[in-house]
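One chain comes next, on its own, written as structure tokens: the form predicted alone.
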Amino acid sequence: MAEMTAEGKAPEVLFWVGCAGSFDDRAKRITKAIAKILHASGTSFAVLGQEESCTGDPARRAGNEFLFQMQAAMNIQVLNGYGIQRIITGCPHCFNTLRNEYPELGGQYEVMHHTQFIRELIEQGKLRMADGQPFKGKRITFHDPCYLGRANGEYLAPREVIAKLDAELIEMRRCKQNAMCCGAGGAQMFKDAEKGNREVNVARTDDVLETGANVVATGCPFCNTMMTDGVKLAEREDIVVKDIAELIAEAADLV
């Protein structure tokens, strides 16, 4: 963003990468998939790079409001300084915080989850699927991220994007408004689980196994980690877990 501004240019959108997308090796592949889609669609975008800090979501969920306020204020200062108006992100946690919690602190932006933006690109004809679909005939189930679904009411975008893959979408018994958390939300990703007889992601993986799906589609880096761990624990090497951006990057004509 700093380089683009120095050249007197302004991007169409700011790609908010997020902590997971920046530092987690598995999530970096999701970041690259989103970037490939943006490049292929001709979308002018920029990232903040080292100027991007955590949105403060984990701090607020864990009860450290002071730290959240500090992180949010710093990010808002940077975003407003660049005159950012439209943001896309691959993380529902960042999406929820930027969209719903930053406005009261002076950060007014149009914020889109990457599945919403990918759907927009497809509808505008800027992104099309290639011939010889790699997922044709595959059974795909989608795990609803809590902060995209129940927190923000977005259930259609990811499913409409999956529909472009020419695959069979098989819904889990608990889906959409009744979807089950993967177990990582509310800063649980960064702490030991409470006492109990079963991990949440193991129970959620059972929902996946019930569908007989070949692919688990996710829309959140934390969900991706939890579902991947669940599938590994179930010793089901025949099931793959991929973000919707990765599925589209494989299936789209990115020439």
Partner chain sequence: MLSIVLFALLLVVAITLFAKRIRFVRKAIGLGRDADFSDQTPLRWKTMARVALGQGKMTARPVAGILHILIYIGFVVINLEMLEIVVDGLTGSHRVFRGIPGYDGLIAAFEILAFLVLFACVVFLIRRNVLAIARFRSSELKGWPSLDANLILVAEIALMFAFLSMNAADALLQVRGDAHYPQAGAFPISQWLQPLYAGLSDGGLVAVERGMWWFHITGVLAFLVYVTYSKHFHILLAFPNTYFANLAGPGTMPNMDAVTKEVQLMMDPTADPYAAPPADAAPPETFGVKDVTDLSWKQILEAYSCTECGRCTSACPANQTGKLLSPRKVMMDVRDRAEELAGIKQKEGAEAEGGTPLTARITEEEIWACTSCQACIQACPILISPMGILLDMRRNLIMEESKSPESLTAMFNNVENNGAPWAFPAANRANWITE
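What you see is a predicted model, and the numbers here were worked out from it, not measured in a lab. Numbering follows the first chain given and starts at 1.
What follows is about the form predicted in complex with the partner chain, which we do not show.
Engineer: Only one of Thr228, Ser41, Asn214, Gln188 gets a heavy atom within 4.5 Å of the partner chain in the predicted bound form. Which one?
Structural biologist: Here the answer is residue option Gln188.
Engineer: Among 98 to 106, 156 to 164, 120 to 128, 134 to 142, mark the stretch whose residues have heavy atoms within 4.5 Å of the partner chain in the predicted bound form.
Structural biologist: In short, 98 to 106.
Engineer: Applying a 4.5 Å heavy atom distance criterion, does Leu67 contact the partner chain in the predicted bound form?
Structural biologist: Yes, Leu67 lies within 4.5 Å of the partner chain in the predicted bound form.
Engineer: Does any part of Ala203 reach within 4.5 Å of the partner chain in the predicted bound form? Heavy atoms only, please.
Structural biologist: Flag for Ala203 set to yes.
Engineer: Under a 4.5 Å heavy atom criterion, is Val240 part of the interface with the partner chain in the predicted bound form?
Structural biologist: It does not: once the partner chain is placed as it appears in the predicted bound form, Val240 has no heavy atom within 4.5 Å of it.
Engineer: If we define contact as a non-hydrogen atom of the residue within 4.5 angstroms of the partner, is Gln85 a contact of the partner chain in the predicted bound form?
Structural biologist: Flag for Gln85 set to no.
Engineer: Give, in sequence order, every residue of 146 to 166 that has a heavy atom within 4.5 Å of the partner chain in the predicted bound form, or say none if there are no such residues.
Structural biologist: Sequence-ordered list: Cys146, Tyr147, Arg150, Ala151.
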